[in-house]
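Before any questions on binding or motion, here is one chain by itself as C-alpha cells, the form predicted on its own.
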C-alpha cells in the first residue's frame, strides 16, 4: 500500500457527510422503505416528484469549508437503489426526475472548486435490485419472506461493479470511496472484494477506500481505513493491536437522511468536543447533514456549521494537520499536537482554577491563548510543594470561554 495516499486524509481531520435522495420526500430518514410496509411501486413514485430546485452546491461548499471541513462524502446510491448520479446501469436515477440534471456532477464541481477533497458513498446493498440476495436487514425479509429463488449474486455483482466503474471513470479525480455496508449476515464473498479493489485502484490510483467490504476485519482488511460509527472510541481504532487511520461518522440530530420531525440537534460544543477527541486519538470526524426535498440544508444544521466556523476561524490549526500527543494531558483535558514542539491544550469548560501540566516543567518556551495570542502565566513561585517535579502549574485567563485552546511551544 502507498501510505502517502492517506496523508491528506490524516491532515484534513474533518469532513462533511451528505445523505440525500428521494427519501427526503417522505421526510422520515433514509431507511424509510425498510421502516414502512410500502411496496416498491409506491416508493418509486417519489422519484417522479423529486425536484430540488433550491440546491445550491456552491453555498454548501462554502458552508463546509468555513466550518473547517476539508473533504465531502456524498451518497451516490443508498440502500433504496436510487442513484443520485446519471447511472448507465439503471433508470432509477436523478436524471429521470423533474430535476433532470446530474446532481453528483454539480456537487463535485462546486466542492472541488472550493478546495475540498471528493469522497463518494456507495451502498453495497440494493433493496430494489431483483438479483440482490436479501438478508434480515432487507424490507422483504422484514415482511416475512425468506426464500429468494432465482436470484443470481453474479448478476448483482456485475451491476455493482458497473456502477463503481462509472463513478470512478466519469467524474474526474475521486479521493475517497465509502462503501456501506456488509451486514453481519453476509460474507465478503458477496462482493468479491479483491477484484473490486483491483479495479478501483487501477481506475483511481490515489484513492482511499473504507473498511466496509467486510463485516469482520480479520483475517483480512479490505480497504485503507477503519470506520467506527456515531461514537468516539476509547483509543485509536486498531485491529489485533495494529493502529490504522480511522474516521467516525456522526449525525447532527438523530437521522442521516432528512426527517422533518427531528429537531433534536446536538450542540456545537458537543460536536467540537467529539472532533477534538477524535483528533487526539489520530482520528477524523465525518459530520452528516440531510438536505430536504427542495435541496435545502435544515436550519438546525446550518446554525451548527456557522458556530463551528466561528471556532475554526481562531482554532483550526489545532485540528488540521494535528494528531495525538505522546505527552499525557492534564486530567479531564485533551491535547492535540502538530509537530514535536507544538501542543494544543483543549479546555472544554473553564477550569476551577489553575491547571497542572504533567511532564512539562522546564520544557515550555511559551503558552498563549490561541484565540487572541495573549500570554498564559506559568506559576513557578508557589504551590510547588505538592507537585511532582515534572509538573507545572499554569494560570489560565479569568475570561476563559468554553472550548478555549492554549497553544504550548516547547523548547
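In this text the structure is predicted, and so the values were computed from the model without any measurement. Positions refer to the first chain, counted from 1.
There is also a form predicted in complex with a small molecule; it is not shown, and the following applies to it.
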Per-stretch contact check against the small molecule in the predicted complex, the hit in 179-187, 265-273, 307-315, 88-96 (non-hydrogen atom, 4.5 angstroms): 179-187
The small molecule contact in the predicted complex: residue 256, any heavy atom under 4.5 Å: yes
The small molecule contact at residue 17 in the predicted complex, heavy atom, 4.5 Å: yes
Residue 229 within 4.5 Å of the small molecule in the predicted complex, heavy atoms: yes
Contact flag, residue 237 vs the small molecule in the predicted complex, heavy atom cut 4.5 Å: no
Heavy atom within 4.5 Å of the small molecule in the predicted complex - residue from 55, 348, 40, 31: 31
Position in contact with the small molecule when the complex is considered in the predicted complex, options 108, 249, 174, 164, heavy atoms within 4.5 Å: 249
Site test, 13, 244 and 324 vs the small molecule in the predicted complex, non-hydrogen atom cutoff 4.5 Å: no
